[in-house]
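Single chain ahead, by itself, as structure tokens, in the form predicted on its own.
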């Protein structure tokens, strides 16, 4: 089993999400950083991992059985008892050892998974936690100090690491590549030209109103609605990464916990940049750059192909 010694600022169980349930109003609730989650899957050779998504320093778990642990996502300083371990890698753990993340160096959310599967109930073919409805994950809630997560039989997984060239740079300022949204024509042409230019005046800061539901931006010029255009719309479906604009004109980036919304959709973050949204921290600078659908497709294919791991030859496991 795995015992939560310190849950950090916020930690919960995630996986690839509840696919295909949006029409029922059930959101994905997946790992916010899909790239980091896919790296875990490759390191542990398991496409259906239940993983821990965590934030903040001092997160710690203790292991009651030997296994292999993998750590990806935000760049962190982590230790197994008193010995440092590398992030974006997998490594063996002995019975009784404690893994502790002491410092966040870059980014916001980091991910842990294990060669022993977590014993959890699936809900709608997913282990992910839906916080609003309180189902999935560990009792439908964030992890707390003293929680015990049972584990299954161990799998033989060799320690490995993600090659350095595959590890994303999470240093702000952040430039998000976007496609034009369905209601972009609700805004003035002059504002849109500036908004869709990474070097234009429409630069923002991440506000403190940022969580798994969405990221509210501030500190930049509001988008101006055209005369006669309503400042809300009939609720429409939302994709992760949709940039909604409420009446005050300041953008909100939707994440993975909503399926519909009633604000104009000015843009949609391209798929290749969705993992970066997991790492936007309050105060980080954000701008947008319009790209074409073909560019977005090629960028996604490049990101998928960039992820490579290497096994550690001769390591004990």
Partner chain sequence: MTVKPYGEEGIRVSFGNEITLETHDQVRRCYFHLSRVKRPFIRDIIPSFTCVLVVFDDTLVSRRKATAALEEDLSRLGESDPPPPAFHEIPVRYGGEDGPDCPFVCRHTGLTLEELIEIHTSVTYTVFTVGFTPGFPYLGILDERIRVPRLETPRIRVPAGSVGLAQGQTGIYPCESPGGWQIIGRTETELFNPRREPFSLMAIGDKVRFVRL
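Numbering follows the first chain given and starts at 1. In this text, all values refer to a predicted model and were calculated from it rather than measured experimentally.
Missing here is the form predicted in complex with the partner chain; even so, the following discussion is about that form.
- In the model of the complex, the partner chain stays beyond 4.5 Å of every heavy atom belonging to residue 302.
- The closest non-hydrogen atom of residue 194 lies beyond 4.5 Å of the partner chain in the model of the complex.
- Proximity of residue 229 to the partner chain in the model of the complex falls outside the 4.5 Å heavy atom cutoff.
- A residue is said to contact a partner when one of its heavy atoms sits within 4.5 Å of a partner heavy atom; residue 146 fails this definition for the partner chain in the model of the complex, lying far away.
- Remark: of stretches 63 to 71, 24 to 32, 275 to 283, 49 to 57, the one touching the partner chain in the model of the complex is 24 to 32 (heavy atom within 4.5 Å).
- By the 4.5 Å heavy atom rule, the three marked residues 14, 99 and 207 all fail to count as contacting the partner chain in the model of the complex.
- Proximity to the partner chain in the model of the complex, taken as a non-hydrogen atom within 4.5 angstroms, holds for one residue of 167, 80, 124, 198, which is 124.
- Among 152, 84, 173, 237, the residue placing a heavy atom within 4.5 Å of the partner chain in the model of the complex is 237.
- In the model of the complex, the partner chain lies within 4.5 angstroms of at least one heavy atom of each of the following residues of 121 to 145: 121, 123, 124, 130, 132, 133, 134, 135, in sequence order.
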